[in-house]
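Single chain ahead, written as structure tokens, the form predicted on its own.
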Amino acid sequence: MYDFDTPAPRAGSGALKWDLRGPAFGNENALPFWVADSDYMSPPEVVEAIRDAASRCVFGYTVPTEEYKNAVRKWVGERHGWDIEPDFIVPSTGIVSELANIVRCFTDPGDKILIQTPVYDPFASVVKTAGRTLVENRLRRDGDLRYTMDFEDLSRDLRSGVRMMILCSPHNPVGRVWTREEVTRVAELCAENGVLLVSDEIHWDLIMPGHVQFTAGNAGTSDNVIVLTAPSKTFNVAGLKCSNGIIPSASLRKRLEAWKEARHIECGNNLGQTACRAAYEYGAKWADEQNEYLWKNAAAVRGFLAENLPEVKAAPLEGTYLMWLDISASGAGSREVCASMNRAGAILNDGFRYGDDGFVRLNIACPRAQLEAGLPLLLSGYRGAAGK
């Protein structure tokens, strides 16, 4: 059994999540539940691989090794049922930065790019800062806070001249793991309308019981699909800057590689690729146990809310470690609620940034004692914003 109860010593280490508490929120003692990384230690197998690499005492320029690519290929095949070739893999230093590259490589200024809101806010940022036109396709929410796609509306938007769609799968922040049927339908609609489908699947290993991640790479034609993956969320190695684009189409792959080479941004991170290889070769059991731990953390949140704050409901958590909490009963906006929670000692993300002001986002990837210490602070902050 792996240890997820011992907190990692992150404060004072340059950790964005912890060391920006004072500068960004004015409360250096608050418990952070905002940035999407975890507060327990990464797998010991990954740590040991990095130590071994560091013992060579050189950190020069890096090219992807066959061992690294084969580790990615094996993980994708065994974990996600997608048989890929090593040549499909296009490494990068991060999914958001690679999204920005892809937007600029495959579209022109003014082109329409579709995202499904509410959604991770950098999606909108990479579109707007590139001078492209943002198309927001709203997800539907039922009475149980479960989100679905409105395929009639999506089809209509895709027919309006959209050049690219960015899919979030599993979805951040609403916690959906899209079904095989849903992902296949998205891929079909994109193919029918000549739309490049770019699927951000950074959370694809963080799947809760009863759900199965179906990668967009397995849906329909692969001629217009780019899948972006990384070990970063699963194994908490985002700071090592290693992500993997998977692009079956040789023409798309060569075009992106040439675009990056022309800008001298094709070189990878030595220790990042070391960590990725170790995670994918030895990390399956750790990832499974983490998902079990996260599911119990989610149950703790639901139990606390039911007992102490029944008007706040949580959207069903199917994937990711991010809980989407409906705070609309407070009568206050999400920024006001988060500010009140911050004053009480807990930092969450406001839903306004994702496109729904009636929600807040809670990161539960932390030792249970930290979560249990934070929930009463969340309660106090909510009541303060609601005037109770």
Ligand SMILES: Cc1ncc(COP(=O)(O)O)c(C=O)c1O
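Small disclaimer: the values here were computed from a predicted structure and weren't measured. A residue's number is simply how far along the shown sequence it sits, counting from 1.
One more form of this protein should be noted, the form predicted in complex with the ligand, which is absent from this view; the next part is about it.
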Quiz item: Is there a heavy atom of Ala332 no more than 4.5 Å from a heavy atom of the ligand in the predicted complex?
Solution: no
Query raised in the report: Could you tell me if Ala53 has a non-hydrogen atom within 4.5 Å of the ligand in the predicted complex?
Result: no
(request) With heavy atoms only and a cut-off of 4.5 Å, decide whether Gln273 touches the ligand in the predicted complex. (result) no
Exercise. Would Ala36 show up as a contact with the ligand in the predicted complex if we use heavy atoms at 4.5 Å?
Worked result: yes
Among 253 to 261, 131 to 139, 197 to 205, 104 to 112, the stretch whose residues bring a heavy atom within 4.5 Å of the ligand in the predicted complex is 197 to 205
Contact with the ligand in the predicted complex, heavy atom within 4.5 Å, among Arg163, Lys241, Arg302, His211 goes to Lys241
Answer key: of Val90, Val72, Val186, Cys168, within 4.5 Å of the ligand in the predicted complex (heavy atoms) is Cys168
